[in-house]
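Quick heads-up: it's one chain on its own, the form predicted alone, in structure tokens.
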């Protein structure tokens, strides 16, 4: 972390991001990246609707021989819930399969939301339940690894299962993701590491785990970078980047139309993710992910900087509830609260402290850039 504290003059990102830089106006590199790079592929306007119409037409054409045209992920959160509603109402001819991964941390609100969404929108749902003993062992291994990104076991399981079910089982070629620039255009790379790095996941489990992962699905570098995108032609599309997506308006709509219930901050539909984002990250690493989410909404024009600063005046977690939440987390992981506290007091690590595919990812990225430039000549 930088010794000199500074906060961006446009958003609320600050020097808790060790890689942040500021220009002469005090504007951070994240804001400049959004304006100079991301805006070129972000169309929250009529042009976006025109492009999305063309994309959906192609998806339907490519999927006509299968049971479904596309797959969506459904967590019960606002982004995926609104995406399901928008697709069903704007493109009723689209045959959608929703996939939900139950990693053992679903809140009651998330379960309620998922049940109401698929019922009211008449969307088929495939739920995959991860073996809890294996997930628990892997989650504990990650806590002991002292890494910042503790959502890797859940995130990796989702995408590995997505590939298995969507591509290998149903032959679906398109994944429509609820990811979007309106709420996620800013996220410091230094605050986490690639959840899809199976080499690192397995290395951490080998070092800190206690049982074999017999059923937990992983997806390695070759399958993720070569097999699925180039051989199976599987594509991920983010429709909300072609849509005037406003988070508060989306909430109002899905509450009214789907009986959706709010669970609080972004990604808090998972009990563990709530603990990890609101307590583990800020208390252990000094990273408050609300800064990234709020900054994304500022550059999207959905919030003023002062409104974001007002939010940040409150602590990221409820001090009156955190002890009971820690007790729940510890009990579910079959450890004591004292053991959980002791784990949190150990020195922090980075992904560079464990084997990974990082160097391979970097070489592959450079190769793709070279090929892209060569094709443009």
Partner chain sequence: MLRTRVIPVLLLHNKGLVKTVRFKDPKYVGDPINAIRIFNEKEVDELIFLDIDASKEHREPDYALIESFASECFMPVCYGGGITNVEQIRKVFSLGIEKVALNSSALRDKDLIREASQLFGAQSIIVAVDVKRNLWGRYQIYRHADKGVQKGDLLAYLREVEALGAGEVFLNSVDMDGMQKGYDMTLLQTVRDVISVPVIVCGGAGQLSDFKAAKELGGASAVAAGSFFVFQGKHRAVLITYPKYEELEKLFGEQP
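Numbering follows the first chain given and starts at 1. For clarity, every value in this text was computed on a predicted model and none was experimentally measured.
Missing here is the form predicted together with the partner chain; even so, the following discussion is about that form.
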Note: the partner chain not shown here; in the predicted bound form, the stretch from 315 to 323, 331 to 339, 24 to 32, 39 to 47 having heavy atoms within 4.5 Å of it is 331 to 339
Residue contact check: residue 225 to the partner chain in the predicted bound form, 4.5 Å heavy atom: no
Using heavy atoms and a 4.5 Å limit, would one call residue 248 a contact residue for the partner chain in the predicted bound form? no
Exercise for review: Answer for residue 85 alone: is it within 4.5 Å of the partner chain in the predicted bound form, judged on heavy atom distances?
Suggested key: no
>> Whether residue 119 contacts the partner chain in the predicted bound form should be assessed with a 4.5 Å heavy atom distance threshold; does it?
In response: yes
Taking 148, 200 and 218 as a possible spot, do all three reach the partner chain in the predicted bound form with a heavy atom inside 4.5 Å?
no
Heavy atom within 4.5 Å of the partner chain in the predicted bound form, from candidates 178, 188, 104, 77, belongs to 104
Assert contact residue (the partner chain, in the predicted bound form, non-hydrogen atom within 4.5 Å, options 155, 115, 283, 90) equals 115
Taking the partner chain in the predicted bound form and a 4.5 Å non-hydrogen atom cutoff, the residues of 79 to 98 making contact are 97
